[in-house]
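Listed next as structure tokens is one chain, alone, in the form predicted alone.
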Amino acid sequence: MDEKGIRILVSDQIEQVGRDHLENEGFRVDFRPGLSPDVLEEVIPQYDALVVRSATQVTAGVIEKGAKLRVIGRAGTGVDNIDVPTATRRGVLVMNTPGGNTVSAAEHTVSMMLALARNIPQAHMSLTGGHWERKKFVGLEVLEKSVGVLGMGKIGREVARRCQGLGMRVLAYDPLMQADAALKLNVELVNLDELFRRADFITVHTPLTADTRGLINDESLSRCKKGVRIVNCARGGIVDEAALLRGLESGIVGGAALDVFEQEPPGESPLLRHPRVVVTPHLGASTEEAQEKVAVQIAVAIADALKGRAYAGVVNASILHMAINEDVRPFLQLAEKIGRLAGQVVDGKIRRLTVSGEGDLVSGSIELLKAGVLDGVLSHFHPDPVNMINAPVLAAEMGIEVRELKRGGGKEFLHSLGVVLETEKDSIDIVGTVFGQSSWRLVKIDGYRIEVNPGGYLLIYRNVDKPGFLARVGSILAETGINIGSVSLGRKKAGETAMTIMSVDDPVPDSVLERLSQLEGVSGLRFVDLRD
């Protein structure tokens, strides 16, 4: 598609430098922050990409109405305001900028922790109110205190480094972190129970998921030191606000610093008025430097994705980064072609797909190639648009078992891709390879050795291997003005059943296919459209 025809909607406040980048790439950019949900659903069908921050709620309704939508970009880390499962099912890329606001978020976290430790906001309000209350706002040092960091991603690690600089002991919990990684960071890797039991401060740096929602709750707080201080600059909802309030009132919690809330803005939450709570209005990424970084990063990522140059920050299709590998790309195109062919020649409900790779290149890219094959297969069956993003999801919904096999280099071909598609009453086994950089070839179908370029119109059938048969088929095609481009014949043993694949210049009418299928000795006749 010509870039001028691609429209991008920016529905939140994104720095001008990011919008300028998209326009310089040749896209039409509409900057419309503050759209109501109804208006967003009304206008989204016009756009190929949507850029948001945290304010816009990209619901299933918005995504379902985005008929042209290809990319949703979040200028920031979290994507909890985007319905990622719906986007994935619709084949829409979801991208974010996980590193753009790392330093800003980490600095804000430590600032909130220090403000909490020294009662800075409360003392400020008291003094500006005409009071001089030194004894009322006695704080505590953070030196040699233990800080429990929940989540050791980029922001969590930066927070840990800054806390170490303040002389704090860092206890870290992250189910994905390995002991050697913790050792390099000089943090103590502990389980949740130990972190709750030992920490003087607990700071949250996990995404908001079904597993982390309410992670800080009545039960977890009951295991904490009396007077523990809670900091949340990650996502509202990870801390159960009702439980936190109960902890503050009982004295289990000595104080809390909150930059995020279950509902934003938080309305009349009693936490806003609590004397031992420090609050800010979701300012973790609100620095001039971070705003420019995430604006530029998401603009670059979206432009690269729309132009097929790169796939950075993809949330729901990490395999796509392999698609830009110049060596892998021809095999990905082959995978889609094989999938389309297989989907058009089998009968019945699909039960199982097996994708096998021979050679390091194909085996190492098998996840991507499997998605490519599924894209080709399901595009023939599924009523909704299919691509490599949603094909695995749609296959699972259809109950298709998908398997993969990896092998070393083959004897005949250094690299090859095999596909077996099975239905309730049929199956097909196809092997293909790539010669040079872009010459796709099918080299075996159901055990018959052939050599076919999988493109254009193909006529495929089995026939009795005897003289004159090909001439009879050619004669019928000639009568209707259909020109044969090439012919590939494969047989296992002379005189037995053979396979013929013809490349033809035009579609073969149903009436002609009926005549061909009635020829004595013909079976499994299929007409396949593999045009790009």
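Note that residue numbering follows the sequence shown and begins at 1. Given the structure is predicted, the values throughout are model-derived calculations rather than measurements.
Omitted here: the form predicted in complex with ligand MLT. The next part is about that form.
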| property | result |
| --- | --- |
| Of 433, 77, 203, 365, the one that lies within 4.5 Å of ligand MLT in the predicted bound form (heavy atoms) | 77 |
| Partner contact for residue 70 in the predicted bound form: ligand MLT, 4.5 angstroms, heavy atom | no |
| In the predicted bound form, residue 235 touching ligand MLT (heavy atom, 4.5 Å) | yes |
| Contact test in the predicted bound form: residue 378 vs ligand MLT, heavy atoms, 4.5 Å | no |
| Non-hydrogen atom contact residue 101 with ligand MLT in the predicted bound form at 4.5 angstroms | yes |
| Which of 23-31, 470-478, 48-56, 503-511 lines the interface with ligand MLT in the predicted bound form (heavy atom within 4.5 Å) | 48-56 |
| Within 4.5 Å of ligand MLT in the predicted bound form: residues from 265-300 (heavy atom criterion) | 282, 285 |
